[in-house]
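Take a look at this single chain in structure tokens; it is the form predicted on its own.
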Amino acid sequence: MSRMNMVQALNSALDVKLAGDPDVLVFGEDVGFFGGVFRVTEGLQQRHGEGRVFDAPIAEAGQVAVAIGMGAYGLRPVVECQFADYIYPAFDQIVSEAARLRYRSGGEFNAPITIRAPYGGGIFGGQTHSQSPEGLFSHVCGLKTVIPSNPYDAKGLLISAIEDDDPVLFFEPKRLYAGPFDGHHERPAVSWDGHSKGDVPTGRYAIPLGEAAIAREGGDLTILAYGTMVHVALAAAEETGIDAEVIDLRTIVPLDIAAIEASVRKTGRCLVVHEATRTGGFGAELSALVQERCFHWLEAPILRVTGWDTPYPREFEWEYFPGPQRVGAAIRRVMAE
């Protein structure tokens, strides 16, 4: 067991898989000698060689296409898309090829590939370095989508993603990468002091995809969140004094519907929180599922707290970023119904 932040935990997951499985490869822009723009792959090339960890051209469609071919013939490539905002050139390869390969080949081929991408805002990255595109991919059959909220989960989920026989999108919240974010501050500093490190086993362990976690138990209200928004939800629940239960979804596809149902039927109220834009966001799917499955237990309308339907701003980031004040106001509104 060791104390790690999320960057270190992800690095450990990749190191474990590279050491234990010769079919695992890691590649992407600047992931080799440089160790990645956020240093998630730091030291991996030195330990495992240039044939296992290597740099790729700035061509995301080509990176994913190569990974699909590798996966079809038995390898398990891990591609780093330098920012989730840069994933769009590879969209066609992901949704038309990787997601469909098992189905279109009648099970003869599959695509056991993992696409990692730094994701979300909170670091003043502006409109081209802060996006949350998970809702786009959740609509596509054949893809799995993972979004961790802490170092322990990040390592266990990444190992499961690499070992999965189908394509997995692994979105890593940049706001949680290197240090503490207790969720309480509307305008937290970008500097980190390391207090949000967690205990992480140094060896292999796996967290199954599709299992949510209860981040905070409660009886008055269910808050559904993932990634950075788990910490915002926890802070808002604490500040309001409401006995809220916070469910960390961890993976949105596959989704732990049983855990959601159990919590909402217990509390009778539901709030959905995500950083992505509101219209067409995954929160709409969550709201529909809760309405369909828990209608007779609901005591108030389901509410959503999300990013705005605008490009992600830089100068007004903390007006866009769903903070504890907005989430707290929604908690009080749901409880007042």
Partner chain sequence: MDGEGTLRLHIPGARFRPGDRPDFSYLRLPPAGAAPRPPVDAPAIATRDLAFGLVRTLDDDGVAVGEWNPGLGADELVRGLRTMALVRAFDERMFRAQRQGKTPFYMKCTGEEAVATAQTYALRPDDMCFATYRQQAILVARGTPLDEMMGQIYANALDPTKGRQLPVMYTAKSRGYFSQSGNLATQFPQAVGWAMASAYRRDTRIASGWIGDGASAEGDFHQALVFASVHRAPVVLNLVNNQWAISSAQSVAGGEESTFASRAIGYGIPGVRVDGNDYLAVFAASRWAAERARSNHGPTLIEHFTYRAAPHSTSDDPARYRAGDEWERWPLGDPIARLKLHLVRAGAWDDGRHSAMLRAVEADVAEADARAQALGVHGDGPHHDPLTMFDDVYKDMPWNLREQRDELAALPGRAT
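Since this is a predicted model, take the numbers as computed values, not measurements. Residue numbers count along the first chain shown, from 1.
This protein has a second form, the form predicted together with its partner chain, left out of what is shown; the following refers to that one.
Interface membership of residue 220, defined by any non-hydrogen atom within 4.5 Å of its partner chain in the predicted complex, is ruled out. At a distance threshold of 4.5 angstroms between non-hydrogen atoms, residue 63 is in contact with its partner chain in the predicted complex. Residue 142 belongs to the set of residues with a heavy atom inside 4.5 Å of its partner chain in the predicted complex.
Interface membership of residue 293, defined by any non-hydrogen atom within 4.5 Å of its partner chain in the predicted complex, is confirmed. Listed stretches are 231 to 239, 212 to 220, 91 to 99, 115 to 123; the contact stretch with its partner chain in the predicted complex is 91 to 99, by a heavy atom cutoff of 4.5 Å. Only one of 259, 136, 72, 159 comes within 4.5 Å of its partner chain in the predicted complex through a heavy atom, and that residue is 72. Checked against its partner chain in the predicted complex, the candidates 303, 298, 289, 44 yield a single residue with a heavy atom inside 4.5 Å, and that residue is 289. Contacts with its partner chain in the predicted complex, taken as any heavy atom within 4.5 Å, map within 101 to 117 to 101, 102, 103, 104, 105, 106, 107, 108, 109.
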